[in-house]
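What follows is a single chain, given as structure tokens, in the form predicted on its own.
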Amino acid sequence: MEIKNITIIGSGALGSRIGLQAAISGYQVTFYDISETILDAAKSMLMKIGRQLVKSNKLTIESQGQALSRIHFTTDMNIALADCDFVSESVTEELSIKEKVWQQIGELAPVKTVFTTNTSYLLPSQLAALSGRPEKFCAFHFHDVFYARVVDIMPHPGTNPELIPLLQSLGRKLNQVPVLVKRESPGYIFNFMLMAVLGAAGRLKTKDVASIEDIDRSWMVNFHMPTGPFGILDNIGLDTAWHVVKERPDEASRAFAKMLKEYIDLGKLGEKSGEGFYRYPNPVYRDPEFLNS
């Protein structure tokens, strides 16, 4: 099938990036979210990312304008799905919320629509049946989109195998590197590895082995990285990380989830709120003296 119209369900940090890249790649894009306030924030984010891409010579001003002209916004799910060829869902990483959303999408989307979830840690088999068309359902998981250009393709046992080459082709058209996860695995490939690192950092902190700054310094120096585990958590969003960690039954994960929740309750969600483990837009780990402290 030919994909022309892409609908993004959930216009948060990652949903916005997916939609903007789709528009840059020539697709008509419709963003759906539950309120105009959220959509207004998404519009501001799109403009900000666009300016950054122009500044870094990844996009021309003319191309930015053309991409933005292909983007539409609505709080009406019927309008969002009216002529939709492809759905990318990026709502809150909470199973009960995603279940309700997918039941609604399944009831309203045209027969032609391909269904994908951008879930970070849930499995597509947990949601596919609710869509009413499990054979057309697959996980299609993005990372940063512009600077970490991997898209994970993870089918569930009922996914039509013919969907895989379609998604691989779409991934390339969206300027991503598609990787196939042959069987369902929480966290796909990269997130599975990343959660091991972040979990280890969480254990070091909750057991008071070292400070947040020194844990990050150790990682940054040894691996020649610009950011440590807690800086990465700020980028991901502490609320997103908490939704994942709180589902784990082990004692270390419960302690880590408790620590994350303390920050969340103070409104410290990470980079998107201006403060998490560090303060933004100029966190101390970006200061050259951070590694000399």
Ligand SMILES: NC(=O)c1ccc[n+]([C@@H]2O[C@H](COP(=O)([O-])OP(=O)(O)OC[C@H]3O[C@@H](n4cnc5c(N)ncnc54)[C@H](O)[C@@H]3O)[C@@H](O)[C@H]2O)c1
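Sequential numbering from 1, following the sequence displayed. What you see is a predicted model; the values in this text were computed from it and never measured.
One more form of this protein should be noted, the form predicted together with this ligand, which is absent from this view; the next part is about it.
If contact means a heavy atom within 4.5 Å, which one of 48-56, 220-228, 248-256, 32-40 is the stretch that engages this ligand in the model of the complex?
In the other structure, the partner sits against 32-40.
Does the 4.5 Å heavy atom contact test between Q21 and this ligand in the model of the complex come out positive?
Heavy-atom contact with this ligand at 4.5 Å: absent for Q21.
Heavy atom to heavy atom, is G10 within 4.5 Å of this ligand in the model of the complex?
Yes, G10 is a contact residue.
Answer for T119 alone: is it within 4.5 Å of this ligand in the model of the complex, judged on heavy atom distances?
Although this ligand is absent here, T119 would touch it in the model of the complex, with heavy atoms inside 4.5 Å.
With a cut-off of 4.5 Å between heavy atoms, is G270 one of the residues that contacts this ligand in the model of the complex?
The answer is no: G270 has no heavy atom within 4.5 Å of this ligand.
Work out which of S90, T113, Q176, S131 lies within 4.5 Å of this ligand in the model of the complex, going by heavy atoms.
When this ligand is considered in the model of the complex, the option within 4.5 Å is S90.
Using a 4.5 Å cut on heavy atoms, which of H72, R203, H143, H156 is close to this ligand in the model of the complex?
In short, H143.
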